[in-house]
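Here we start with a single chain on its own, the form predicted alone, put down as structure tokens.
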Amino acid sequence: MTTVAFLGLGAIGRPMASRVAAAGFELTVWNRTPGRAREFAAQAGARAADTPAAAVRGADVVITCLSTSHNVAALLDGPDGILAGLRRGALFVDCTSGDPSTSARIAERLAEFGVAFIDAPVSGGTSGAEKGILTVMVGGEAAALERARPVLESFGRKIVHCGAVGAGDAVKAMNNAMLAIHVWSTGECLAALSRAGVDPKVALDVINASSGRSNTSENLFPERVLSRRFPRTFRLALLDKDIGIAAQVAREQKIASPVLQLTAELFRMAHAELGEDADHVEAVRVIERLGDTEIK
């Protein structure tokens, strides 16, 4: 039986780990908040570990799902760190929405210990994780992906090899940058239409039958903005981080990217104004404030 260590039981990590446990893998979990790990272990029939080293000791596959690549790197060293417990020949799968350069450095360090690494960020949100239908974007060696595939299939429906280490992170960042662009541009357009006397619901009805439609206009705005519910499913702080990574990738590749760079600045502003707990769609509140209007 493949033994799996899962580190990071946040909003999306927890349902992902649940799918791993439900698939029959022998699972050990760790979380910065020990109580959350113990509660999960009791419910899922898994084992809770007190330290990253204890969590990964003896594991065939180690999965991390944290906020940033730097959070992952910070867990590697020290007497309780991942490297203290990791066995040679294990496979390290980082499902963090990370940055390519840090993932490359982590991969180099792990290689010194005989451990293969793939970056495997996911898309599909908490509902996709709960249903086991996430999209998984993988960077790394194809052979490492095939070793990881049985575990990835427990929570992912579409698993795509994007290229070398860091490619999965880059694709995920660009995907989320496009989400950010859609949220902001849809907000600006609907704010202008509202001020012009057009009912936003009518405007969306037209847009969603026309060339301007997107998942943002078809689902996020009707369900969250027009209703004024703004459920907390994906933090604005994390989208700010992701589009910052996308903007950095574009700069490193010397690609002219004025829309990416501007949107990164706008979401940094929204993050600073709305705080750490705001949902990503709540960036629209900043557009409404600037335009002295409300989209409802």
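For every residue, the number given is its place in the sequence shown, counted from 1. Just so we're clear, the structure is a prediction, and the values are computed from it rather than from any experiment.
Absent from the display: the form predicted in complex with a small molecule. The rest refers to it.
T126 is the sole member of S185, N208, S101, T126 with a non-hydrogen atom within 4.5 Å of the small molecule in the model of the complex. Of the residues L236, C65, L27, A246, just one reaches the small molecule in the model of the complex with a heavy atom at 4.5 Å or closer; this is C65. Contact with the small molecule in the model of the complex, defined as a heavy atom within 4.5 Å, is made by all three of T33, T96 and K172. Residue heavy atoms within 4.5 Å of the small molecule in the model of the complex occur in exactly one stretch of 254-262, 38-46, 267-275, 65-73, and that stretch is 65-73. When the small molecule is considered in the model of the complex, V136 lies well away from it, no heavy atom lying within 4.5 Å. Taking the partner from elsewhere, A23 is found to have every heavy atom lying beyond 4.5 Å of the small molecule in the model of the complex. The closest heavy atom approach of A177 to the small molecule in the model of the complex falls outside 4.5 Å.
At a distance threshold of 4.5 angstroms between non-hydrogen atoms, V122 is in contact with the small molecule in the model of the complex.
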